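Shown here is one chain on its own, the form predicted alone, set out as structure tokens.
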């Protein structure tokens, strides 16, 4: 595929190539079939700007030859650049189909998020966090980027403050916090913890520096289903202590019992396998795991996804309580109302970039959607 100009030798082992090259080879294979319809599912996720430009050139060439292309992407800018029509799905259901030239960005964002502009009053967090520029931040990222493709970003989190990363799915919210936690290798930038520059090259180092991280996928990265409630709760603290220095059963029992009572975890016993609990109680077990490490900075990525409304409210109240006691928390949710309820400051993401920071009176649903869409206010939304 000369049009793609793949930077690899024909005889080179594909597994030894970069993810970007592997992606381009997969695209070339699909195109080489002389298909009538080409489906590209997130083809640009691992490509740099030049590679994206070459791919779009190829797509335009195929379009002129009569090939129909279905382009699945989270990148709004790319969709507006290359697509004629857009089909919007939300929660597995069809929202609608629109001509790209006829739907303003902010309206597209509103439909993707299931909100109408101005349809709900802004919900303010009654327990406003503490952002004192004269005080030293607990966490400070400067020009941080990682192998996940997140663009260099700056971020500060202060003691007693609940910050949030807002944006559409795939915008880079999780990638930012994974870089801070050392779950994704940092390629550029600096990270300071309480003013000290540190190299957090792995999650265990982050944990020992006082960072906790509840990931967005509790099934894959959270619970260990066959282990008991007790074993799941003490897991992070045991990792910090070292697995060659195990806690006694009495110590583990005391730790687990304290947090089961504190969080109201419904379980038959501490020996119950965690995979037999409800989703909400599994999430509480993971939250207990991180609270047991007494972190100074706690990252909660989609902590209320897939759980009942009662447990959601409990977790939101707990977040505000922990912040009032001095913990610094970053809270990520796909639900705007939840972010507005819990956060005092929002970092807004689009296409792996930080595109804005909102606080105070600017923290409204409308302002979040305008910022994601890349327009400054309602006067610009028709552009």
Partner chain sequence: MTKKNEKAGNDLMKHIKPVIRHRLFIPIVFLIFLLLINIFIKPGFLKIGLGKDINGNPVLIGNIINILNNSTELVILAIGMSFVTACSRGQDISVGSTIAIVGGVVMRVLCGNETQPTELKAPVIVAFILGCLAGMLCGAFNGILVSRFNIQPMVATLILFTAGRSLGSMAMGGLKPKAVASFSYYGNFFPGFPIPTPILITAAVIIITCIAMKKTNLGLYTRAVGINDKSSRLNGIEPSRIKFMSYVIMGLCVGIAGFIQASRVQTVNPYTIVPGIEMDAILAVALGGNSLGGGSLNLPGSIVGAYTIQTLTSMLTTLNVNTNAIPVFKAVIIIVLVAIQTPAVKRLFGRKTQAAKPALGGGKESA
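Not measured: the values here are computed from a predicted model. Positions refer to the first chain, counted from 1. Think of the rigid core as the biggest set of C-alphas that the two forms share within 1.5 Å after superposition.
Not pictured, yet referred to below: the form predicted together with its partner chain.
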Which of 95, 262, 204, 254 has a heavy atom within 4.5 Å of its partner chain in the predicted bound form?
-> 204
Within 4.5 Å of its partner chain in the predicted bound form, heavy atoms considered, which of 297, 181, 153, 165?
-> 181
Considering only heavy atoms, tell me if residue 84 and its partner chain come within 4.5 Å of each other in the predicted bound form.
-> no
Would residue 105 show up as a contact with its partner chain in the predicted bound form if we use heavy atoms at 4.5 Å?
-> no
So in the predicted bound form, does residue 238 come within 4.5 Å of its partner chain, heavy atom to heavy atom?
-> yes
Tell me, yes or no, whether residue 143 is in contact with its partner chain in the predicted bound form, where a contact means a heavy atom of each within 4.5 Å.
-> no
Since the chain is shown here on its own, which stretch among 95 to 103, 153 to 161, 228 to 236, 75 to 83 would lie within 4.5 Å of its partner chain in the predicted bound form, judged by heavy atoms?
-> 228 to 236
Which of the residues spanning 189 to 223 lie within 4.5 Å of its partner chain in the predicted bound form, based on heavy atoms?
-> 202, 203, 204, 207, 213, 215, 219, 220, 221, 222, 223
Does residue 242 count as moved between this form and the one not shown, where moved means a C-alpha shift of 2 angstroms or more after fitting the rigid core?
-> yes
